[in-house]
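As structure tokens, one chain now follows by itself in the form predicted on its own.
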């Protein structure tokens, strides 16, 4: 599913215009992004949690030339799936394999 499909689904399920749905989706994503930039975690019960992980700088090898390079420290977003979502996905996949 891509963002435009998410907007379409929200529009249909909430019976609102696609423009209002787009504003809602963009607002949620922007708010989540700003929270992660500030270093805050986001927890959506039953779905999962987002947090920023810090990675230290290190020395590595350039894959093409083999020369030694310094890899700078960085921050990356990380998503951990929630227990309820994991169980629902596994339940669905077991049901589809049992039917076959």
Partner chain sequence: MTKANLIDALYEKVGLSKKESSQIVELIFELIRSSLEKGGKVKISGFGNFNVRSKKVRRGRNPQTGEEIKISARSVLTFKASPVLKKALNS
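Residue numbers count along the first chain shown, from 1. What you see is a predicted model; the values in this text were computed from it and never measured.
Keep in mind that the form predicted in complex with its partner chain is missing from the display, and what follows is about it.
Participant: Contact between residue 41 and its partner chain in the predicted complex at 4.5 Å, heavy atoms?
Facilitator: Answer yes; at least one heavy atom of residue 41 falls within 4.5 Å of its partner chain in the predicted complex.
Participant: Taking the shortest heavy atom distance, is residue 62 within 4.5 Å of its partner chain in the predicted complex?
Facilitator: Output for residue 62 is no: heavy atoms all beyond 4.5 Å of its partner chain.
Participant: At 4.5 Å between heavy atoms, is residue 13 in contact with its partner chain in the predicted complex?
Facilitator: Judged by the heavy-atom cut-off of 4.5 Å, residue 13 is in contact with its partner chain in the predicted complex.
Participant: Heavy atoms within 4.5 Å of its partner chain in the predicted complex: does residue 28 have any?
Facilitator: Yes, residue 28 sits close enough to its partner chain in the predicted complex that at least one of its heavy atoms falls within 4.5 Å.
Participant: Heavy atom within 4.5 Å of its partner chain in the predicted complex: which residues of 1-24 meet that condition, in order?
Facilitator: Residues within 4.5 Å: 1, 2, 3, 6, 9, 10, 13, 14, 16, 20, 23, 24.
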